[in-house]
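Here we start with a single chain on its own, the form predicted on its own, put down as C-alpha coordinates.
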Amino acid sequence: MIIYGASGHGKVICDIIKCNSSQEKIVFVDDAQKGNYFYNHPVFLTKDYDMHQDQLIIAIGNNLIRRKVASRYINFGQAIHPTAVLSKTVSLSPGTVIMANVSCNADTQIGEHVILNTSCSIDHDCEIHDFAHISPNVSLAGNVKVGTGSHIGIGATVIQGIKIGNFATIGAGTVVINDIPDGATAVGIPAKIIKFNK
(Lines give C-alpha, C1' and ligand atoms only; values in the text may rest on other atoms or scores of the structure.)
Protein backbone atom coordinates (compact mmCIF):
# COMPACT_ATOMS: atom_id res chain seq x y z
CA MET A 1 0.00 0.00 0.00
CA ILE A 2 1.25 3.49 -0.85
CA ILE A 3 0.44 6.28 1.61
CA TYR A 4 0.65 9.70 -0.01
CA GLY A 5 1.67 12.10 2.75
CA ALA A 6 4.38 11.55 5.37
CA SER A 7 2.50 13.28 8.19
CA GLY A 8 0.53 12.63 11.36
CA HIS A 9 -2.53 11.69 9.30
CA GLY A 10 -0.34 9.23 7.42
CA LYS A 11 0.74 7.61 10.70
CA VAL A 12 -2.89 6.94 11.63
CA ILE A 13 -3.61 5.40 8.23
CA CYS A 14 -0.46 3.30 8.50
CA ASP A 15 -1.62 1.96 11.88
CA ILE A 16 -5.03 1.06 10.42
CA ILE A 17 -3.41 -0.87 7.58
CA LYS A 18 -1.16 -2.75 10.02
CA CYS A 19 -4.16 -3.57 12.26
CA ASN A 20 -5.75 -5.33 9.30
CA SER A 21 -2.64 -7.08 7.98
CA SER A 22 0.73 -7.16 9.70
CA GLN A 23 2.24 -8.48 6.44
CA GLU A 24 1.12 -5.55 4.27
CA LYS A 25 4.02 -3.72 2.64
CA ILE A 26 3.67 0.00 3.31
CA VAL A 27 5.55 2.79 1.55
CA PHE A 28 5.18 6.53 2.12
CA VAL A 29 5.53 9.06 -0.67
CA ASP A 30 5.67 12.81 -0.19
CA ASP A 31 6.26 15.86 -2.38
CA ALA A 32 8.92 17.02 0.10
CA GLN A 33 10.98 14.00 1.22
CA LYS A 34 11.69 13.97 4.96
CA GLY A 35 14.51 11.42 5.06
CA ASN A 36 14.75 7.77 4.06
CA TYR A 37 12.20 6.50 6.60
CA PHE A 38 9.01 7.79 8.14
CA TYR A 39 7.21 5.98 10.96
CA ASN A 40 9.56 3.02 10.38
CA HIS A 41 8.63 2.70 6.69
CA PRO A 42 10.49 3.79 3.54
CA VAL A 43 9.60 7.24 2.23
CA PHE A 44 10.24 8.43 -1.32
CA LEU A 45 9.77 11.63 -3.23
CA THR A 46 6.56 11.38 -5.24
CA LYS A 47 8.33 12.20 -8.50
CA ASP A 48 10.83 9.35 -7.94
CA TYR A 49 8.34 6.57 -7.18
CA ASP A 50 6.19 4.46 -9.51
CA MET A 51 2.76 5.34 -8.13
CA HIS A 52 1.03 2.63 -10.18
CA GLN A 53 2.68 -0.41 -8.60
CA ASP A 54 0.23 -0.63 -5.69
CA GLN A 55 -2.98 0.85 -4.32
CA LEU A 56 -2.77 4.38 -3.00
CA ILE A 57 -4.37 6.15 -0.04
CA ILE A 58 -4.07 9.93 0.20
CA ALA A 59 -3.13 10.95 3.75
CA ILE A 60 -3.88 14.66 3.42
CA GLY A 61 -6.53 16.21 5.64
CA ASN A 62 -7.09 19.31 3.48
CA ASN A 63 -10.04 18.44 1.25
CA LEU A 64 -9.05 20.67 -1.69
CA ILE A 65 -5.49 19.34 -1.78
CA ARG A 66 -6.74 15.76 -1.45
CA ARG A 67 -9.00 16.31 -4.47
CA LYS A 68 -6.13 17.79 -6.48
CA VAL A 69 -3.86 14.84 -5.70
CA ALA A 70 -6.61 12.31 -6.48
CA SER A 71 -7.03 13.75 -9.98
CA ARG A 72 -3.53 12.49 -10.88
CA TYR A 73 -4.00 8.81 -10.02
CA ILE A 74 -6.46 5.96 -10.58
CA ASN A 75 -5.70 2.99 -8.30
CA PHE A 76 -6.98 3.72 -4.79
CA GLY A 77 -7.33 1.52 -1.74
CA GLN A 78 -9.30 1.88 1.48
CA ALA A 79 -8.30 1.83 5.14
CA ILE A 80 -10.97 0.72 7.63
CA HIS A 81 -10.06 0.27 11.29
CA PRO A 82 -11.19 -3.11 12.68
CA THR A 83 -13.03 -1.40 15.57
CA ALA A 84 -15.28 0.54 13.17
CA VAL A 85 -18.88 -0.72 13.14
CA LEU A 86 -20.37 -0.52 9.65
CA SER A 87 -23.77 -1.75 8.56
CA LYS A 88 -23.59 -4.32 5.76
CA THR A 89 -25.70 -1.90 3.69
CA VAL A 90 -23.16 0.95 3.86
CA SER A 91 -21.78 1.85 0.42
CA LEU A 92 -18.04 2.64 0.39
CA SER A 93 -16.08 4.23 -2.47
CA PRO A 94 -12.35 4.11 -3.30
CA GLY A 95 -9.92 6.15 -1.22
CA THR A 96 -12.11 6.14 1.89
CA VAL A 97 -10.45 6.15 5.31
CA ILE A 98 -12.42 5.08 8.39
CA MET A 99 -10.71 5.55 11.74
CA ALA A 100 -11.10 3.71 15.06
CA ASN A 101 -14.51 3.40 16.73
CA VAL A 102 -16.51 4.95 13.88
CA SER A 103 -20.17 3.91 13.75
CA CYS A 104 -21.95 4.00 10.40
CA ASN A 105 -25.54 2.82 10.13
CA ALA A 106 -27.90 1.40 7.50
CA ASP A 107 -27.96 2.56 3.87
CA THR A 108 -25.38 5.29 4.29
CA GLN A 109 -23.43 6.23 1.16
CA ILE A 110 -19.77 7.23 1.48
CA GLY A 111 -18.13 8.93 -1.50
CA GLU A 112 -14.55 8.82 -2.76
CA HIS A 113 -11.63 9.94 -0.58
CA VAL A 114 -13.84 10.63 2.43
CA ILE A 115 -12.32 10.75 5.93
CA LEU A 116 -14.50 9.41 8.74
CA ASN A 117 -12.35 10.34 11.70
CA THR A 118 -12.06 8.76 15.13
CA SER A 119 -15.32 7.93 16.95
CA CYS A 120 -17.65 9.84 14.64
CA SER A 121 -21.23 8.57 14.41
CA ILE A 122 -23.07 8.46 11.09
CA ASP A 123 -26.70 7.40 11.34
CA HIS A 124 -28.98 5.77 8.76
CA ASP A 125 -29.44 7.00 5.18
CA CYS A 126 -26.75 9.67 5.30
CA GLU A 127 -24.85 10.75 2.19
CA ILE A 128 -21.22 11.79 2.60
CA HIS A 129 -20.00 13.07 -0.76
CA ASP A 130 -16.49 12.93 -2.25
CA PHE A 131 -13.57 14.54 -0.37
CA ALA A 132 -15.60 15.35 2.75
CA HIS A 133 -13.97 15.12 6.19
CA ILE A 134 -16.03 14.17 9.23
CA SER A 135 -13.88 14.98 12.28
CA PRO A 136 -13.55 13.05 15.55
CA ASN A 137 -16.67 12.74 17.72
CA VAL A 138 -19.01 14.31 15.15
CA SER A 139 -22.61 13.06 15.34
CA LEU A 140 -24.75 13.03 12.20
CA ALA A 141 -28.39 12.05 12.69
CA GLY A 142 -30.33 10.19 10.00
CA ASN A 143 -30.76 11.44 6.42
CA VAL A 144 -28.01 14.07 6.62
CA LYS A 145 -26.33 15.03 3.35
CA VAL A 146 -22.76 16.35 3.46
CA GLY A 147 -21.62 17.96 0.21
CA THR A 148 -18.41 17.45 -1.73
CA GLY A 149 -15.31 18.77 0.04
CA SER A 150 -17.10 19.86 3.20
CA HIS A 151 -15.46 19.68 6.62
CA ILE A 152 -17.44 18.98 9.78
CA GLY A 153 -15.34 20.09 12.78
CA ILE A 154 -14.56 18.04 15.87
CA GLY A 155 -17.52 17.35 18.13
CA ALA A 156 -20.14 18.97 15.89
CA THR A 157 -23.74 17.71 15.90
CA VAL A 158 -26.10 17.74 12.91
CA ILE A 159 -29.81 16.99 13.41
CA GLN A 160 -31.77 14.71 11.08
CA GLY A 161 -32.56 15.64 7.50
CA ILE A 162 -30.05 18.50 7.21
CA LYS A 163 -28.24 19.28 3.95
CA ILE A 164 -24.75 20.73 4.16
CA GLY A 165 -23.59 22.16 0.83
CA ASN A 166 -20.36 21.68 -1.08
CA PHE A 167 -17.10 22.93 0.45
CA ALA A 168 -18.84 24.18 3.57
CA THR A 169 -17.10 24.30 6.95
CA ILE A 170 -18.83 23.49 10.23
CA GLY A 171 -16.87 24.68 13.26
CA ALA A 172 -15.88 22.53 16.21
CA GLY A 173 -18.73 21.89 18.62
CA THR A 174 -21.33 23.48 16.35
CA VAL A 175 -24.96 22.31 16.47
CA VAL A 176 -26.52 22.42 13.00
CA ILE A 177 -30.33 22.67 12.93
CA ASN A 178 -30.80 24.31 9.50
CA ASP A 179 -29.41 23.61 6.03
CA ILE A 180 -26.00 25.13 5.28
CA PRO A 181 -25.38 26.45 1.73
CA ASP A 182 -22.34 25.84 -0.50
CA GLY A 183 -19.13 27.49 0.68
CA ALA A 184 -20.50 28.69 4.02
CA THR A 185 -18.63 28.60 7.31
CA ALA A 186 -20.99 28.07 10.24
CA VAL A 187 -20.21 28.07 13.97
CA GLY A 188 -22.02 28.13 17.28
CA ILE A 189 -25.08 26.71 19.04
CA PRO A 190 -27.20 26.83 17.00
CA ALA A 191 -25.06 27.21 13.89
CA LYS A 192 -24.77 30.71 12.42
CA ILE A 193 -23.08 31.47 9.10
CA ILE A 194 -20.14 33.82 9.63
CA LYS A 195 -18.65 33.91 6.12
CA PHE A 196 -18.60 32.38 2.65
CA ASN A 197 -15.52 30.87 1.04
CA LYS A 198 -14.76 31.38 -2.62
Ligand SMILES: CC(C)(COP(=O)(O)OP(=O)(O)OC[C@H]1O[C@@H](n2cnc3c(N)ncnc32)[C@H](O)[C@@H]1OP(=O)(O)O)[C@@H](O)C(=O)NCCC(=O)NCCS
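Sequential numbering from 1, following the sequence displayed. Keep in mind the model is a prediction, meaning the values are calculated, not measured.
From this point on, the text means the form predicted in complex with this ligand, which you will not see here.
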So which stretch, 66-74, 52-60, 151-159, 30-38, is the one near this ligand in the model of the complex (non-hydrogen atoms, 4.5 Å)? 151-159
Against this ligand in the model of the complex, would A172 count as a contact residue? Criterion: heavy atoms within 4.5 Å. yes
Just to confirm, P181 within 4.5 Å of this ligand in the model of the complex by heavy atoms? no
Answer yes if any heavy atom of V187 is within 4.5 Å of a heavy atom of this ligand in the model of the complex; otherwise answer no. yes
Counting only non-hydrogen atoms and a 4.5 angstroms cut-off, does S135 reach this ligand in the model of the complex? yes
